[in-house]
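Shown here is one chain on its own, the form predicted alone, set out as structure tokens.
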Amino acid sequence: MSERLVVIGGDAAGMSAASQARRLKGPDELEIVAFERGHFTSFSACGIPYWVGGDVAHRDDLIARTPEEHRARDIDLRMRTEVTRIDVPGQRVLARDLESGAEAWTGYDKLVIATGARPVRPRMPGIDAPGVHGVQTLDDGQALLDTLTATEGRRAVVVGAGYIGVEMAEALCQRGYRVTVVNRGAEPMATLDPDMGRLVHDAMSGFGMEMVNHAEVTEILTHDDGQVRAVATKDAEYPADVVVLGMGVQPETTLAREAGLPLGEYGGLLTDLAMRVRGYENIWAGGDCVEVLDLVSGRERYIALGTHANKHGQVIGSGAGGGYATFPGVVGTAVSKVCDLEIARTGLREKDARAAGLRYVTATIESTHSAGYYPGAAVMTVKMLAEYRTGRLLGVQIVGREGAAKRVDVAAVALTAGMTVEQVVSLDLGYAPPFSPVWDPVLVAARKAARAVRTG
């Protein structure tokens, strides 16, 4: 008799898990039923700003695998169907067809929760007005493009200055809009330390964007016809023909909470190394609805990234399909860009190190992505954190032009390996004048950090 695997969520983690389980077990051994409340599966939400900005020509370019392709692999994928309840003792889920309203229970032997994240959307006057957009799904992206096409004005306000905020600011600039970014933090990109975030601020201002920090949005103001006209803070109003919300996301764990499953400090599901929900042998969870282990601090943290979600899905699918795999944790690596400025970080920021009770030293250097004499050599700034006395590498942040962002991968490997900054200095990295100075910028920062460790 075959078992039934039920998957809640049809994007990266959920469908990766379903696909991997199917590779390990055929339909005679394992029936797979997946529920997705949206119109699309296996799409790249990270690519939406580049679609909106025109770098990606077509919406379908962002879809890795369609519902029809999943069904061709013997996965019973039910689109526009939302799971509204998990009955853990009864091993079943209640799902509602969003088109017909019909509800039905589906039993499971094994369950995967991949409900993703929900965008932060605070309650305030005007937040649902025409012209105010989030950008989490392909439907969101299409709605925004429709508004941009229909809008005569050319003033845009982006609320929030994290990854989505700065990427959407660039996309709107490329569409010919005058862009104001309203940010409640001290500097854009709160995933960086403020001194590095200031470099992003200066660059955005240089690109013609107005950057407003220390500003909390209190209201979206509208015309008499209900259309958005401005974004208001306590101290000012910023005219807008379109508003894009980029205020971050939170784990979507409403179902899990109501089912009594364990949640962490950030509201994400807690799992073991095999991505099983803690205390439940037949329930797995992955993607943006879970918390993960930070390998540097040793603490749980919440990071919503497609890279993690796809890896979670592979691990979950292996376990649900009768195999074995683990997800050991992360070091918190992420890259982004705004216009030609590249932004990267991995490991701990200063406030993360303090929160973990770590004593540390810092080193910040400026260098170039290629030999200084090579045509087009572009400046980058590298900041490195190392543990006081031991010299263990704790974190790296890089802001610069061409060739800056992907250098963070060297630091990510070093963090995963638990290397000291002295060991990083000795790394045998590739060199040729078009690609790097004789001393790569990461090595220069490590050398300065090593001196700081020695001198205390």
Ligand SMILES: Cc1cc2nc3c(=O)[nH]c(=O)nc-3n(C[C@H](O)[C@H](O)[C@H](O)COP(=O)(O)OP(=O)(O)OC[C@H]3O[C@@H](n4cnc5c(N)ncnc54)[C@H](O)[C@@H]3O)c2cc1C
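For every residue, the number given is its place in the sequence shown, counted from 1. This is a predicted model, so every value here is computed, not measured.
Absent from the display: the form predicted in complex with the ligand. The rest refers to it.
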Exercise. Can you check whether Arg37 is within 4.5 Å of the ligand in the predicted bound form, heavy atom basis?
Worked result: yes
For this session: Although the ligand is absent from this view, report whether Ile8 comes within 4.5 Å of it in the predicted bound form, heavy atoms only.
Result: yes
Exercise. Is Val83 a contact residue for the ligand in the predicted bound form, using a 4.5 Å heavy atom cut-off?
Worked result: yes
Problem set entry | 4.5 Å heavy atom contact, Ala446 to the ligand in the predicted bound form | no
For this session: May I ask you to choose, among Val408, Val33, Ala45, Met419, the residue with a heavy atom within 4.5 Å of the ligand in the predicted bound form?
Result: Ala45
Seminar exercise, completed: Answer key: of Gly160, Gly268, Gly286, Gly347, within 4.5 Å of the ligand in the predicted bound form (heavy atoms) is Gly286
Exercise. Only one of 224-232, 115-123, 204-212, 354-362 gets a heavy atom within 4.5 Å of the ligand in the predicted bound form; which is it?
Worked result: 115-123
For this session: Enumerate the residues of 132-151 that have a non-hydrogen atom within 4.5 Å of the ligand in the predicted bound form, in sequence order, or give none.
Result: Val135, Gln136
